[in-house]
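As a starting point, one isolated chain is supplied in structure tokens, in the form predicted on its own.
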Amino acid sequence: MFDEKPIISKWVADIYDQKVTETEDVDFLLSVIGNEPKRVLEVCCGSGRILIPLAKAGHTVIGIDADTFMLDKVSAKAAGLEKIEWHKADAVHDDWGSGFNVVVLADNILYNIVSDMDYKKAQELFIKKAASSLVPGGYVYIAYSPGGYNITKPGQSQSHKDNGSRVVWEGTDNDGNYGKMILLPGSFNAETSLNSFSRRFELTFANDGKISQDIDCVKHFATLEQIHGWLSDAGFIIELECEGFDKKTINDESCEVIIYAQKK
């Protein structure tokens, strides 16, 4: 996921499944898509946390992700489901397919793109690819929360400041390896809107030994205005826009947005 060593990548996949268990976003997405069966693409589907409930709800779903360790977890969860496919793909460089009624960009993927491509261009490319993959009248679903930055005021952090290192994840994977993912202090460039920081992975193996790896990360803070522009340029009309799953109205203090937009 972050160019880490394979044993760390395996730990990340296991810990993700243990730690990320919320269902509020899944329930919200299902309510927005509706009950009528649709052909749905989830981009960067991970271990199937969202993909599986979509299939169980009766939709025909395809998931793509670049992380083999994440995708390896989908099979057991998909047992007994017929209208579901998943495969490895680089969401930036590979084709997404076509003929979908809904493209899902959930789990804050616009702020978590992993690529060597210019980050801002990659974000815009995701919107363009969504449009190309949809049938006329189809929808793109976006859940975007850029690390505590105010989406209406470039570069202003409302929820946190980089006061020091903090442990994001900590736990033992399915092989008994104990580890931590630590977010190290970073910096924000107001001119480029790039947030630069490092993730540190520390693992202690079940059979003795340790490993540590620092991964440099760069993310582009996109304002709501920029996302609106990308959607408009790609031929989308916003049907729903809100802050959070309780559908609060976007305001000057908002740090997240959910968008459901229709392709003309």
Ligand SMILES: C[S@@+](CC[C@H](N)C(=O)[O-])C[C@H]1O[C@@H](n2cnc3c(N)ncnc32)[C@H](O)[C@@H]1O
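Computed from a predicted model, the values in this text were never measured in an experiment. The first residue of the sequence shown is number 1, and the count goes up from there.
The following text describes the form predicted together with this ligand, which does not appear among the structures shown.
- Heavy atoms within 4.5 Å of this ligand in the model of the complex map, among the stretches 222-230, 206-214, 27-35, 40-48, onto 40-48 alone.
- Residue in contact with this ligand in the model of the complex (any heavy atom within 4.5 Å), chosen from Asn189, Asn112, Ser132, Thr152: Asn112.
- Note on contacts: among Ala91, Ile84, Leu125, Ala143, the single residue with a heavy atom within 4.5 Å of this ligand in the model of the complex is Ala91.
- Not displayed here, this ligand is kept clear of Phe245 by more than 4.5 Å at the level of heavy atoms in the model of the complex.
- Among heavy atoms of Asp107, some come within 4.5 Å of this ligand in the model of the complex.
- Contact between Ala57 and this ligand in the model of the complex is not found at the 4.5 Å heavy atom cutoff.
- Shown alone here, Met70 lies within 4.5 Å of this ligand in the model of the complex, counting heavy atoms only.
- In the model of the complex, just one residue of 5-28 lies within 4.5 Å of this ligand by at least one heavy atom: Tyr16.
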